[in-house]
Ligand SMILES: Cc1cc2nc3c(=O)[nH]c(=O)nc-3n(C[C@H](O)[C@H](O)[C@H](O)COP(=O)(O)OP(=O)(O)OC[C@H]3O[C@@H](n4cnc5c(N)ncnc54)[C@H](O)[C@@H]3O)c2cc1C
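One chain comes next, on its own, written as structure tokens: the form predicted alone.
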Amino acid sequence: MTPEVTVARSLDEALAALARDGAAAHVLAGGTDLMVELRTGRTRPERVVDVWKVGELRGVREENEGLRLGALSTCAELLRDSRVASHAPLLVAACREVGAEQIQARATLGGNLGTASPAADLNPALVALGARVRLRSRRGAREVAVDEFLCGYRKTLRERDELIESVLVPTRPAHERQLWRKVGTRRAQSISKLTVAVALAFEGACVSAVRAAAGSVGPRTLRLATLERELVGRPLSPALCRSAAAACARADITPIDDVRSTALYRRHAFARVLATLLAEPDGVPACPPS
């Protein structure tokens, strides 16, 4: 069955279409996920609301609380924006590894969030940055922390009449390190076996605050609470990087076997990658040859 498609040209039009009675509508942004699912038959929506032409969902602007990114910001646009590069290099690093240039020109911030795939590259970066998603409907607007918004396998807190309007990346602390690593079957254009995103703040030599997240190692993007507890209040050392990463791999992730990897490989690689990533800013080899 061919779905009914509404092409919205304003935010009001999009919200009105989502609020209509009947079957819930699927939102079409860049189409890098939904068009594949339509072709394979995995998704068979009765209604689709195309928001690609909604200008209110585009753009990057500075606010008192941080940097506001429109939901239709594409990976390519985020890569070109100097404000994003200076404020959220972690997000830029993730955008750089989203497919080829053609995909980066279409894949959107809101699409990554709305699809809520556990393998989405941008979502771990947003969680590590403490980002908040703004949802809008005809009833009004609300903001939710990204790590709460992504609440299950391809599941979010978005109500059927709501649209992802934008994302706020809060003002960053001074002397913060933002770290990113993706492991795939090849160097480029691959779906991740695992991703790790970490934001570290320091007071002197000691870690004062940590936010960290991972993808492709559980049913959704996962906050790495054990790692955060292990690192806060302590100076980084090779031994701490290894022990904290090992504890995190045991407690914070729930990998599975699938077509891209095994759970055993993911857990082992995750601990090694995370330990190395934490130590690399100081040039200290976290994982010396055994």
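Residues carry their position along the shown sequence, with the first being 1. Not measured: the values here are computed from a predicted model.
Although it is not shown, the form predicted together with this ligand is what the next lines describe.
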Inset, instruction - Consider residue 189 of the chain shown here, and say whether it contacts this ligand in the predicted complex, taking contact as heavy atoms within 4.5 Å. - result: yes
Inset, instruction - Although this ligand is absent from this view, report whether residue 77 comes within 4.5 Å of it in the predicted complex, heavy atoms only. - result: no
Legend entry - Partner contact for residue 172 in the predicted complex: this ligand, 4.5 angstroms, heavy atom: no
Inset, instruction - Please check if residue 103 has a heavy atom lying within 4.5 Å of any heavy atom of this ligand in the predicted complex. - result: yes
Legend entry - Single option in 90, 71, 194, 127 placed near this ligand in the predicted complex, where near means a heavy atom within 4.5 Å: 71
Inset, instruction - Note which of 198, 131, 217, 107 lies within 4.5 Å of this ligand in the predicted complex, where distance is taken over heavy atoms; exactly one does. - result: 107
Legend entry - Option from 256 to 264, 24 to 32, 218 to 226, 236 to 244 whose residues, in the predicted complex, bring a heavy atom within 4.5 Å of this ligand: 24 to 32
Legend entry - 183, 211 and 232 each touching this ligand in the predicted complex (heavy atom, 4.5 Å): no
Legend entry - Residues in 96 to 121 with any heavy atom within 4.5 Å of this ligand in the predicted complex: 97, 98, 99, 103, 106, 107, 108, 110, 111, 112, 114, 115, 119, 120, 121
